[in-house]
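The form predicted alone is given below as one chain in C-alpha cells.
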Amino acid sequence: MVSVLTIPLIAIFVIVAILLLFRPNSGLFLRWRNVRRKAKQILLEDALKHLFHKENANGEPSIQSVSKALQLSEDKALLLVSIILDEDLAVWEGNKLRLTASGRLAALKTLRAHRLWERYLADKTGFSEDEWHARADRAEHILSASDADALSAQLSHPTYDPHGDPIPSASGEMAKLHAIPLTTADIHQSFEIVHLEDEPPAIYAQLVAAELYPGMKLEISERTQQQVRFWTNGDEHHLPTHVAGNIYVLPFPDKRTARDIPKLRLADLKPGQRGKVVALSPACRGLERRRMMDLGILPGTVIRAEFVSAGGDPVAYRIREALIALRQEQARLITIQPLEEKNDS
C-alpha cells in the first residue's frame, strides 16, 4: 500500500522529470530534437556536395550514387533525395539528378567552408596532411557563412586549398581546373602538379608518403597499364596507375626537364659538408614552417652538417653558430645549394 508521504514524493519526481525533459532551451527532449535536426542537415549538405562533385565530373548523380557516397541504404537515400527535391534544391533530368541554382549555391557554401578550413589547417596549425580532409569534413557543417568570410579574410582570401582545389567565393564563383590526370599526360614532356585528389584517403596517403605536392615539376619517363614512372626534384618515382590517376597536371613551359632541374636537400649533406638554403618546400607548412624560419632557416643561410646521432636520426646542424637537431623528414624539406668545404688548416 502506498503511504500518504509517498504520493507527494512521486509527484515531485514526475515534475522534476518533466522539467528535465521539456524545460525550455535546455530540456533533454529539445536537445534530442536538435541533434536529430543537425544530423539531418549534415546528411543534406553531404548529399548536395556529392551531387555537385558528380555533376562537375560529368558523372551520373542518382539515388544509388547518393546511397554509396553517404553509406546509406537505398531507402534512406530515397528519403533524403525526396527532401532535396521538395526543397527545390535539385530536379530530375531523365534518370539523373541535377542541382538547381539554389542547390548549387548551398553545395558551394559547404565546399567553401571545407576548403577554407583545409587551408587554415595547412597554413596555421601543425596537423599532418592526412588529417586535413577528415577535420574539414566536420568543420564544414559548423562554420556559418559569416564564419567562412572571417576565416577567408584571416587567410588573405586564398583562391586554392592546399591540394590545389579552387575555393568558391562567397557569391559562389569558382575557378575551373583544366588539368589532366598524370595517367594521360604525354611522355617526355614537362608538367606541373596543380592538384592532388584527397579521396579516397588511402590513395592520398600514398601521395603524401611520396612527398608530392602542388607546384612540383615532373616529367613522365614511362607509362604502362600497371604503373607510371616519372622524375621530379631529381628523384624517380614509380606509382601504380590507380594512384597516379589522383595527380592532376598542366604543361610546364620549361626547356629543362624535371630530371635536369637540380635539387639537393639538407638531408643529403654528410657531416662536415655545408650548403646554402635555396628555399623551403611548399610541403613545409603551418607551425613547422614558422619554426624553421624562427630557427633562421631562410634563403641564403649557410648550414653545416655536424654529426649524426647514434640511431642515425636526427642529425645535428650548425645554423648561425647554433647547433640544432633536425629529423631527416624535416631536413628533406629544405632545398640547398652545396658549398665547397672550408679548409680549416
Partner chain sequence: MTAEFKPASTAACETCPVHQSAYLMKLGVDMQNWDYAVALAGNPNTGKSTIFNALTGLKQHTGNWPGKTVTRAEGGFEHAGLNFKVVDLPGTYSLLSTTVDEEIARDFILFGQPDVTVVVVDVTRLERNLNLVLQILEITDRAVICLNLMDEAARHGLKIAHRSLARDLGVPVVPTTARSGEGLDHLVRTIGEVASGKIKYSPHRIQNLSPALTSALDRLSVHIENLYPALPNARWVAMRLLDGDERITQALEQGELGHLSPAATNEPQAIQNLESQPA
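Residue numbers count along the first chain shown, from 1. Whichever C-alpha set is largest while still superposing within 1.5 Å between the two forms counts as the rigid core. Values in this document were obtained by computation on a predicted structure and should not be read as measured data.
The next section is about a form of this same protein that is not shown, the form predicted in complex with the partner chain.
Put simply, residue 154 is close to the partner chain in the model of the complex: some heavy atom of it is within 4.5 Å. Residue contact check for residue 295: one or more of its heavy atoms lie within 4.5 Å of the partner chain in the model of the complex. Mapping the unseen interface onto this chain, residue 318 counts among the residues with a heavy atom inside 4.5 Å of the partner chain in the model of the complex. Residue contact with the partner chain in the model of the complex: residue 70 places no heavy atom within 4.5 Å of it. This chain lacks the partner; the member of 40, 276, 290, 53 within 4.5 angstroms of the partner chain in the model of the complex by a non-hydrogen atom is 290. In summary, the region of this chain contacting the partner chain in the model of the complex, judged by heavy atoms within 4.5 Å and restricted to 216 to 224, 75 to 83, 146 to 154, 103 to 111, corresponds to 146 to 154. With the core held fixed, residue 289 shows a CA shift of 2 Å or greater between the shown form and the other one. Superposition of the core reveals a Cα shift of 2 Å or more for residue 306 between the shown form and the other one. In this overlay on the rigid core, residue 70 has a C-alpha that sits less than 2 Å away from its partner position between the shown form and the other one. Inter-residue distance, residue 287 to residue 135 (Cα): increased by at least 3 Å in the model of the complex versus the depicted form. Relative to the displayed conformation, the Cα-Cα distance from residue 202 to residue 287 grows by 3 Å or more in the model of the complex.
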